[in-house]
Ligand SMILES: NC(=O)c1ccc[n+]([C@@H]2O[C@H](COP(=O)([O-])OP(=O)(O)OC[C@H]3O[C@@H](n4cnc5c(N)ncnc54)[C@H](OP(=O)(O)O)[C@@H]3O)[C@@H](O)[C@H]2O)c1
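The chain below stands alone, shown as C-alpha cells; this is the form predicted on its own.
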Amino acid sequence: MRSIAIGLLGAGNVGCGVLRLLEDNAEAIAARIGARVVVKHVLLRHPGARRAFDIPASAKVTDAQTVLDDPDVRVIVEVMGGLEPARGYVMQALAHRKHVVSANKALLGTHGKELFAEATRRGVTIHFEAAVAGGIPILRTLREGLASDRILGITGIINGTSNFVLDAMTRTGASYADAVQAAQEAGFAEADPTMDVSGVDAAQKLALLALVAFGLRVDPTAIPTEGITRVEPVDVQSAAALGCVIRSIAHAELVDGRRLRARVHPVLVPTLHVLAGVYGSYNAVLVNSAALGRSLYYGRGAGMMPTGTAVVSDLVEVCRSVVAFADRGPPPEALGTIADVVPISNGDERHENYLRVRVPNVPGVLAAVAGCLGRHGVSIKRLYQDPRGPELPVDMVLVTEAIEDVRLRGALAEIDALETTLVPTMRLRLLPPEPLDG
C-alpha cells in the first residue's frame, strides 16, 4: 500500500494525541485514505522531556529544516502553538508546496491572511478544524454540511476554561479565584489563564468561525471582547434568582447581508435555553441558517484526544486528496471572495441588562443611580439590594428594560462617575429566551 509521509511540528499534549490516534487507528485510517500515514519526523523543543506518547528515536528531530526541507514529507502538522516560530515554519512549508494542518487559532487569527494567500499562490491547502471548539467538527459542518444553506448567525460557548470557571462558581458557590484554581488543577486552564478568561482566545476562534461561515476576515483584536474576571458569587447568585446562569458567549451575525456584527462577553442565559446546559469544559455552537434554522453542535472543546481527533480528521482529508492526485488546489477559505471587514458598532443593539452597582449603605444612593439611568432613557424592570451589614457596602442589583447599548453605556459612565460608586458597575446582557418554534 502507498504511504504518505508527514512531519509533526510539536509533541506536547495535542501532538501526543495525534500520534496516539495515528497509531491506534492506523488500519482504519489507511482504509479510509487508501494509503498509510507515516510520521517521518517529529520536531521537539525538549527532546528529553517526558511525554504522553513514546516517540520513536528515529522520528525525533530538533532542527526544523530537517522536517521542512524533506521532499518526501507531503503534509506538515503544526501543533506547537504561538506565533513564532510557528508562522515562519508554516510559511516555509507552504513555499515548499506542502499542505498544512494546524490547531493554532492565534496564528491563523493573526497571520491568516498572508498564510492563506501563500497557500493559494503555491496551490496547497491549510486545514484548521482543531483551532476552534476542539473535537467538534464545526468548521467542516459550516463549510460542507451547510454548504447549500446561508449562515445568518453563530452563538456559542467556545472557551472551555471560562465555561469551567463559571460553571464551578454556579455549582459550588466558589469564588472566581478558587474556580480558576480548580480549572488549573483539572488541567483545563494554563498556569497563566489570561488568554482564556480575558476572552481573547474566544475572539480568535470567533474570527475563524466568521471566515468560514460568512467569508469575512476580521482582525480578532477588533472584536469587542469582555472577560469573566469581574464575575463574583453575588452575580452568580443574582443570576440564579432571575432564572439564569452566567456563560461566556461568542456571537457573530450578518447585518444587511454583508456587514459583520461580533462580540465576546459573559451574559445571563435563561436556564431553559439550550446553552445554559453546557457544563464544565464543554463547548457548544448554535448556528442560525436561512433554510435549516437553528442547529446545535456540542462536544469537548479541548484536551489531547478531542483536539487530536480534529487534527487527524483534517489530516485524513488532506491525504485523501493526495492519493486522488487532487492535492494541488486552493484552501477551502480561498474559494470565492474573502472580504476584509471591521465589525460594525454594537451601539444600536437592544438588550435587557443586569447591572450590579456597589455603593455605601447610606441614604440617597438609589435615587442618584436611578437618576443617571432616567436621564439616558433607561427603564428599571427589577431592583433589589444585597446588604452586607449596616457598615458594609451594598450591592444594588438592577435589571433594565431592553435599551440600546449606546444609551446604556452613557448611563453607566455617569453612574461610575458618582462619588458613591465604589467599583465600576458590573453589566451583563440578558440572552433572549429560546424561540418557541424551535
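Keep in mind that this is a model prediction, so the values were computed, not measured. Position 1 is the first residue in the sequence shown; the rest follow in order.
Keep in mind the form predicted in complex with the ligand is missing from the figure; the text below concerns it.
S.K.: Taking N13, L44 and P85 together, does each of them reach the ligand in the predicted complex with some heavy atom inside 4.5 Å?
M.R.: Yes: each residue has a heavy atom within 4.5 Å of the partner.
S.K.: Of these, H376, K40, R51, R36, which has a heavy atom no more than 4.5 Å from the ligand in the predicted complex?
M.R.: In short, R51.
S.K.: From the list V79, L142, V269, A179, which entry has a heavy atom within 4.5 Å of the ligand in the predicted complex?
M.R.: Here the answer is residue option V79.
S.K.: A130: heavy atom within 4.5 Å of the ligand in the predicted complex?
M.R.: Contact check for A130: yes, within 4.5 Å of the ligand in the predicted complex.
S.K.: Can G153 be called a contact residue for the ligand in the predicted complex at 4.5 Å between heavy atoms?
M.R.: No, G153 sits far enough from the ligand in the predicted complex that none of its heavy atoms falls within 4.5 Å.
S.K.: Does V285 reach the ligand in the predicted complex if we count a contact as any heavy atom within 4.5 Å?
M.R.: Judged by the heavy-atom cut-off of 4.5 Å, V285 is well away from the ligand in the predicted complex.
S.K.: Might G215 be said to contact the ligand in the predicted complex, defining contact as any heavy atom within 4.5 Å?
M.R.: No.
S.K.: Please identify, from 290 to 298, 163 to 171, 351 to 359, 102 to 110, the stretch that has a heavy atom within 4.5 Å of the ligand in the predicted complex.
M.R.: Selected stretch: 102 to 110.
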